[in-house]
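Coming up is one lone chain in structure tokens, specifically the form predicted alone.
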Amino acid sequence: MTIKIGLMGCGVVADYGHIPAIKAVEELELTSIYDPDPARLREMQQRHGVGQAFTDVDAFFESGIDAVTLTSPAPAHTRNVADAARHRKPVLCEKPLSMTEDEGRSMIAAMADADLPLYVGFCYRFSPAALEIKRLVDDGAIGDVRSLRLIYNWDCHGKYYRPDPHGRPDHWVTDPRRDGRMAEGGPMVDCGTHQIDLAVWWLGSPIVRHHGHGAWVDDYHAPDHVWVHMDHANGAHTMVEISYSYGHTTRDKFSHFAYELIGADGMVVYHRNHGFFELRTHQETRRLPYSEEKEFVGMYRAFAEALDAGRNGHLCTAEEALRVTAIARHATDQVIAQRLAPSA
């Protein structure tokens, strides 16, 4: 049986991640897309050969789709989910789930009242590297995991860009993509939720305490370089570091992405910059098959199975995602409050 998918939000992540992945999964068919911007909608429809395109929400939901994926900006998620619940469509929603915890709870309640599943698109879980780390931890390959260090420092597309690459060479403007992500909460709320989710998922142990630290390289409301320290119920500790200002004004771009898990009997190290993935124990040092950290196709295969057979697999539930997002937002708010507090 082919499952007909509708997509809401024709932005960058839909273009490079979600739409190609949906089209790569045999059980799924992308039949309808929605966006309030007619020009962007037409461009996406033509580029990906989608049959139906809508700027009207009700017409989109009534176009024969079986389920919907939300790739709209985070502030639109609450309204999108309410519409999906009203039209009785299961949802896979891009992270972060919501702008506030109360919004997230209202989204979960709306879908529960309609007896529909709500999943959140933590595509990092489906990378072969992340799945291998999960297997190694579950198998006890490095003993009890006591410390995790998860890092993603990058420039978030840079501070400036040229809107017309063929125009005046001195015409640079502030990049709206970076500004938009900072307005939605900054790097920990955006990218950092992936790392927080991985730490909880890998260990199978919830966070019982957390504290945020941060720095401002640019003058946003939220910090653009953030750390969160988290204690798990099983006694392990995770440090997540995320930056949107790592070389953001440099000519030559650079990023730093790493997973490091330290256990009583060894360690696992993954460094994207060097294509490096390795297990080290007292018995062996073994190079592991390297893969990129994102995997949209695997996520959509799991979504197809969940829709067909009701098995969640490794899909992130909305309840799990809400807990992750709450930690990211609270840690960010802690940092902002510390900055605004009067000095002693």
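Keep in mind the model is a prediction, meaning the values are calculated, not measured. Throughout, we count residues from 1 along the sequence that is shown.
Another form, the form predicted in complex with a small molecule, is not on view; read the next lines as being about it.
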Check your understanding: Within 4.5 Å of the small molecule in the predicted complex, do 151, 226 and 230 each have at least one heavy atom?
Key -> no
Practice item. Using a 4.5 Å heavy atom cut-off, indicate which stretch of 175-183, 269-277, 215-223, 110-118 touches the small molecule in the predicted complex. Key: 175-183
Check your understanding: Just one of 125, 89, 95, 159 has a heavy atom within 4.5 Å of the small molecule in the predicted complex. Which one?
Key -> 95
Check your understanding: With the cut-off set at 4.5 Å between non-hydrogen atoms, does residue 5 touch the small molecule in the predicted complex?
Key -> no
Review point. Any chance residue 336 has a heavy atom within 4.5 Å of the small molecule in the predicted complex?
Key: no
Check your understanding: Is there a non-hydrogen atom of residue 36 within 4.5 angstroms of a non-hydrogen atom of the small molecule in the predicted complex?
Key -> yes
Practice item. Please check if residue 24 has a heavy atom lying within 4.5 Å of any heavy atom of the small molecule in the predicted complex. Key: no
